[in-house]
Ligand SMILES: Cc1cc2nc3c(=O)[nH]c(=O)nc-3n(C[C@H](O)[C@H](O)[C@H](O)COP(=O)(O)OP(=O)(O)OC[C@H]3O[C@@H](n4cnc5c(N)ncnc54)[C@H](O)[C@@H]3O)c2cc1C
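Presented below, as structure tokens, is a lone chain in the form predicted on its own.
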């Protein structure tokens, strides 16, 4: 891997200063933990003349349980989130997803905001410059077409962040700041299905806070399949949140990662409201998850396996949460 290219490092004290600096330096990038950005700079996948360090931004790392829910600064590390008692007790899917990211040395540096904005990945893209040059690049950087789907006019690189599906099933919102003010959107609306432009944020916007509503009566979990027991991104990851009412499903949410250019919520689960969790209901869960899990050849692992494993994960997690005591 190459050494880091030269860059100017700026250290704003507030989030407002950070977005103003980003707007004033078109070739700049935000950096917090840097666990994905810095390797990508060294590989030549990202170009930046200026890095804006968010490590000194006030209140950026706070985690607070308030009357309206959990408030997490985008700069909170994944290790801090995974170990937080309130997160582990009331928002289990988020704690499990944070704990599932990479390895311990990554999690003490990697941040929640960084994982939400993680670059999409593909076996044809996340390579060294000599490898990409020898294989004539791809449309995500310098090339002409998508190597995954050769006749496609879009990029199929996959989003592989772990925390996004957990936050989607927990109905979380992100607060986004720009030089023109702030806005709040559901986590699911942060993404679009395009491997080259997977975020709906403008270049001069940054995530400041993630808000998760209180989860009374809900239980949740996150699990992923990966090649190794640590470090690896998910071949497929699934988050589940469910609520029961007198032995029947009151609500069910499932979201997937690693199988599309964005993390996505499984559709069509509202038909299970009020039903028993029987064989027919489980088959519906499998079928609807299969529709969402359209993995492409973005890793070295067989595509059919990745498409098949997500529905199995979803079914097993629903059964496990249903069998757990309230």
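Just so it is clear, the model here is predicted, and its values are computed rather than measured. Numbering follows the first chain given and starts at 1.
The same protein also exists as the form predicted in complex with the named molecule; that form is not shown, yet it is the one meant from here on.
- Note that among 181 to 189, 248 to 256, 111 to 119, 79 to 87, the stretch whose heavy atoms approach the named molecule to within 4.5 Å in the predicted complex is 111 to 119.
- The candidate spot formed by 31, 35 and 74 lies fully in contact with the named molecule in the predicted complex, as each residue has a heavy atom within 4.5 Å of it.
- This chain is displayed alone, yet in the predicted complex one of 196, 201, 148, 225 has a heavy atom within 4.5 Å of the named molecule; that residue is 201.
- Checked against the named molecule in the predicted complex, the candidates 95, 170, 174, 206 yield a single residue with a heavy atom inside 4.5 Å, and that residue is 206.
- Although the partner is absent from this view, residue 220 stays clear of the named molecule in the predicted complex, with no non-hydrogen atom inside 4.5 angstroms.
- Remark: residue 237 does not count among the residues lining the named molecule in the predicted complex, judged by a heavy atom distance of 4.5 Å or less.
- For residue 54, a non-hydrogen atom is located within 4.5 Å of the named molecule in the predicted complex, even though that partner is not displayed.
- Residue 141 falls outside the set of residues with a heavy atom inside 4.5 Å of the named molecule in the predicted complex.
- Residues from 229 to 244 that approach the named molecule in the predicted complex with a non-hydrogen atom closer than or equal to 4.5 Å are 231, 232, 233, 234, in the order they occur in the chain.
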